[in-house]
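Next comes just one chain, in structure tokens: the form predicted on its own.
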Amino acid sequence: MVNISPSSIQAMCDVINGADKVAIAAHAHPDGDAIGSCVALLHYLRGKGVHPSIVLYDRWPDSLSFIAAGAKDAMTVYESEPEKAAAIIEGSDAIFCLDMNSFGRAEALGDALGKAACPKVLIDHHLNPETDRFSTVFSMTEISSTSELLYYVLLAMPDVGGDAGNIPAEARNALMAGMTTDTNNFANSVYPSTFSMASMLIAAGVDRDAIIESLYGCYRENRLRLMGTMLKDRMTITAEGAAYMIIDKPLAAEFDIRDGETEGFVNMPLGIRDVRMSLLLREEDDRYRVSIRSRRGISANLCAKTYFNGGGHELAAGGKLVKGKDISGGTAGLAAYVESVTGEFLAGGRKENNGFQGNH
């Protein structure tokens, strides 16, 4: 079971009791765990008489809109309304940062978060958190998701008293959805505490079947069409056991791909016996966004840190390559780079703790 420090709970209670306006933030390019945990905390704080707002650097994918449905009136996107987002942060009595181990994970929004003078609470499950920049910290890496960690934090709050039924229904649903996405529907990063969380939430009334339908049964046809094209024509497997797929801008335009519609693609090559690491790279205006997944014993996190300006978890990580700075030569140059660095990595360095150092 997850152990939450009583002193940390008291510190969180003090922050909430001393606040009227609270800002809740998460990392840029928010995924299901980020949205789920933010929305869950918002609904909990509303029940405490607090006035919370969610401030994100950019918008969440349409496929996750069902999670945010009851909170959209309290959500502000920095890219669309920078002045409003900055004003919310500046006017807040407390800030909660969820699913981000540093302010930099929030892109340009991170500057405002870091400069705010109010108490800041971190709730996160990533490696290497900037704990010294927060007044209260809940940090745990051996846990499925920030949604799971937040669930156990809320369970320890005095007004919840260990009974999941005392968590607001909207928060329970958001927590289940967030945890489900970050475990790829219980396929990875699952612990005994994860199943306990799911069991208690279902017993408290969460309709998991409805959540699964919303997460995995409501995609547009183009997602499956692109998936077929990627697996048939765009997947390369190297001799060292790295599989990679590149979605360039013309391909994304051909299939009218939106954010969130390639969720899960990076996991598929790991179904091939000889594939030890999988990478999905998607072209944006000035960069390529990189997702990495690996088998046990091979550190996706170390690979992301060493070669892709990123990081994450041991078996699931991400990063980016900036055009003209980190990479050149278009998709051909990108493919050559990926093959070179993954070959070096898989030949010489697999685990986080083996001292492998690469050059980039």
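These numbers were taken from a predicted model, which means no experiment stands behind them. Don't overthink the numbering: it's just position in the shown sequence, from 1.
Only in words, not in the display: the form predicted in complex with a small molecule, which the text now covers.
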Look at the candidate spot formed by His126, His313 and Gly318 and say whether the small molecule comes within 4.5 Å of a heavy atom in all three of them in the predicted bound form.
yes
Arg172 versus the small molecule, in the predicted bound form: is there a non-hydrogen atom within 4.5 Å?
no
Using a 4.5 Å heavy atom cut-off, state whether Lys120 contacts the small molecule in the predicted bound form.
no
Wondering, does Ser299 line up within 4.5 Å of the small molecule in the predicted bound form on heavy atoms?
no
Taking the small molecule as it sits in the predicted bound form, is Ser53 near enough to touch it, meaning that at least one heavy atom pair lies within 4.5 angstroms?
no
Any idea which of 58-66, 41-49, 324-332, 287-295 reaches within 4.5 Å of the small molecule in the predicted bound form, heavy atoms considered?
287-295
